[in-house]
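Single chain ahead, by itself, as structure tokens, in the form predicted alone.
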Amino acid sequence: MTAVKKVAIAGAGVAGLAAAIQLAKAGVEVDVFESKPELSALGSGITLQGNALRVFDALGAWDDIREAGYAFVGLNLRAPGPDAPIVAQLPDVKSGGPDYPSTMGMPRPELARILLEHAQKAGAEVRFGSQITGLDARADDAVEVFVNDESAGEYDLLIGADGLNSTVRELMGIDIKPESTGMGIWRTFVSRPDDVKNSELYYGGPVYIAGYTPTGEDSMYAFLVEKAQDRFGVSDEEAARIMLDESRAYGGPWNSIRADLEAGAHANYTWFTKHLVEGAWNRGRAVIIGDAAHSCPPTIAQGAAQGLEDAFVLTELLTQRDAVDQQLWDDFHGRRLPRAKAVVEASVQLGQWQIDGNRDADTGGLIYGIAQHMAQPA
């Protein structure tokens, strides 16, 4: 028996689809409402730590993800300059346990496609072009959900997995929004040189952080982290030029990255944000997870993993209990809030050290410490 029989999910991102898969597998009727007209084919790459891979296995998607991604071990820290020497090699922590690689990179569109296919195969109904515009949670045991300004009916639970600027969070009356950390990031999807075997980060130089992560035998994504500024209206040509100019102080594989940018590789720009709902993530029969509940810079590459863990813990409780009661919510928040808070605070701290120019900061120690923390199951 499950605590819910019919669930609405806002958002077809990683957290929303993970929740949909687990609930549908348990026989729950699931409707996923995604505001975008279709699954986005855009995006660069994503870094997934072992604790994320552990959740994918529980979802039944691990085999497909392993085939589509690029597994690797460890993280190298390089110095800026034409020779780009490696100054530190961080030890490997298999945060998902011994059965999974420590880290995997993969194209974001591939991850989205795989999770969508598994959600639909499990029986979830995914509706694109469907924006949740209202909710009525006056009943103790149900919530009425409004989609595109019309009632979609009553559900036992509404899960808001609709991202940073969550509509569900706002409709629930939670007045917390993401704030800029003062950093912005350029990303591009390029070919992988043979000598790039794992993630590498360069601290210092003309930008705060430069780096790249392999995502396949022939691909990787590269990034430059700079001071946050208004870059959102620039043309594709100007975006490539900025990445070219800002990366010239970095040698090694950056020479190949620049060649791809000059050949037409697309670059995109976003700001780093931070927020954390420190109180309850639910209001009656509505709850937020993933980026709707917490966000942080990708300095530890734990954003997607934390959203996946939110979904896994919530659905585990919903499918193993027979009631949505205060004990369920207490258990959910007890398992998720401290862990998400630790990741947010550490991720923000890593960025702040760069902004402050703190050369004595123990960057490697903080990254390694969080990895050890994440090795304990959520």
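Note that residue numbering follows the sequence shown and begins at 1. Keep in mind the model is a prediction, meaning the values are calculated, not measured.
The same protein has a further form, the form predicted together with a small molecule, not shown here; the description that follows concerns it.
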message: Just to confirm, with a 4.5 Å cut-off on non-hydrogen atoms, which of 108, 118, 258, 285 contacts the small molecule in the predicted complex?
response: 108
- line: Residue within 4.5 Å of the small molecule in the predicted complex by heavy atom, from 84, 201, 240, 301, is 301
message: I need the one stretch from 149-157, 76-84, 242-250, 127-135 whose residues put non-hydrogen atoms within 4.5 angstroms of the small molecule in the predicted complex.
response: 127-135
- request: Decide if the three candidate residues 11, 33 and 291 all line the small molecule in the predicted complex, where lining means a heavy atom within 4.5 Å.
  value: yes
query: Can any non-hydrogen atom of residue 167 be found within 4.5 angstroms of the small molecule in the predicted complex?
result: yes
query: Just to confirm, residue 191 within 4.5 Å of the small molecule in the predicted complex by heavy atoms?
result: no
message: Residue-level question: is residue 210 within 4.5 Å of the small molecule in the predicted complex, judged on heavy atoms?
response: no
message: Residue-level question: is residue 196 within 4.5 Å of the small molecule in the predicted complex, judged on heavy atoms?
response: no
